[in-house]
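Let's start with one chain on its own, the form predicted alone, as C-alpha cells.
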Amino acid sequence: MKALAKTKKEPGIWMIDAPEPEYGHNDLLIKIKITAICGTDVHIYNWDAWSQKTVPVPMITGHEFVGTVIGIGDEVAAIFDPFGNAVHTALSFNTVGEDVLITGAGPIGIMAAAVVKHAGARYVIITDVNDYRLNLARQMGATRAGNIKNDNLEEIMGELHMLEGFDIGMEMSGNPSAQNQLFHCMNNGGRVAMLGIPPGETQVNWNDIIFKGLLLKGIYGREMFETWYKMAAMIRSGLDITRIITHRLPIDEFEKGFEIMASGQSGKVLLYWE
C-alpha cells in the first residue's frame, strides 16, 4: 500500500510502498480515505529541532484521517458511535461567559475559536501575524482578530471594555513572544492550555505565571475520548467547522499540500487517497 513516511533525517516526507498492517484481536483495520495535514506533520516535514529530538526515523506519519473499517479483531465487542455519548468539558475548560484569548491562527487555533464561541464564551480574541488565517477566524465567529504586527492587544481589550485580563488562554502557535504576550494578558488565576510546539528551547517570563497564579496545562494528545465525544455533541448542536477546510488535493500532490500549509495561506489541507 502507499504510505507517507519520514525515511531520512533531513527536511521532507516521502511516498513509499509499505506492507499492509496486521491487526490483533482487540484491533480494527481501517482503510484510509482522507488525511489532513496537521501542524505536527509540518514540524516533521521541516525536520526542526523538536522533530529531531522526538521523531524516530523511519516512521510512517499522519494521525488525522477518515477511513473505512475493513477488518475487526475477534474480541472487538462493539464500535461506539460518538454521537450517542456526551462528556462534561471541551478542552478541559468550561467557557460559558468567560473571555478567551487564542494565540496562533493556524487551523487548530481557528478551530478552538469556533469551539469556545459555540460553547458560550463572552469575548473570543485571536491573534496572529497572518491576515489570511485571521480572516478565517473572523468567519468562524471570533469577536476580534488582531494582527500583532499592527494591533495592540491591550488596546483591543480596552475597545471591549475589559477591565481585567482573559480568563482562558490557548497558545496554539509555539511562538515564544506569543506565549509571553498571552501570559502577560491573563487574568489572575487564569487557565492556559499549551498546544503549540516551539521550534527549540524558549525563554518564559515566569513572573507573570507565578504572580498571576496561572494554571498551565499541556494538551499534547489531549483527552482523546472526551474531546471526540464533546466535539461530536457540539457539531450535532450546530457547530459548523467546514470553512476551516480550504484545500483538497489528491494524495500524489502531497508536496503541494505541505507547501500550501507552510505558506500560511490556508486553513486545513486535506489529502484524498482514493
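Keep in mind the model is a prediction, meaning the values are calculated, not measured. In this text, residue numbers run from 1 along the sequence as written.
Keep in mind that the form predicted together with a small molecule is missing from the display, and what follows is about it.
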> Which residue among L160, I72, V204, I148 has a heavy atom within 4.5 angstroms of the small molecule in the model of the complex?
Replying inline: I148
>> Using a 4.5 Å heavy atom cut-off, which of 167-175, 135-143, 117-125, 185-193 contacts the small molecule in the model of the complex?
In response: 167-175
> Would you say all of K6, T7 and G62 touch the small molecule in the model of the complex, counting a heavy atom within 4.5 Å as a touch?
Replying inline: no
> Closest heavy atom of L153 to the small molecule in the model of the complex, within 4.5 Å or not?
Replying inline: no
>> Within 4.5 Å, heavy atoms only: does H43 come near the small molecule in the model of the complex?
In response: yes
>> Just checking whether I219 would be counted as a contact of the small molecule in the model of the complex - the rule being heavy atoms within 4.5 angstroms.
In response: yes
> Using heavy atoms and a 4.5 Å limit, would one call L214 a contact residue for the small molecule in the model of the complex?
Replying inline: no
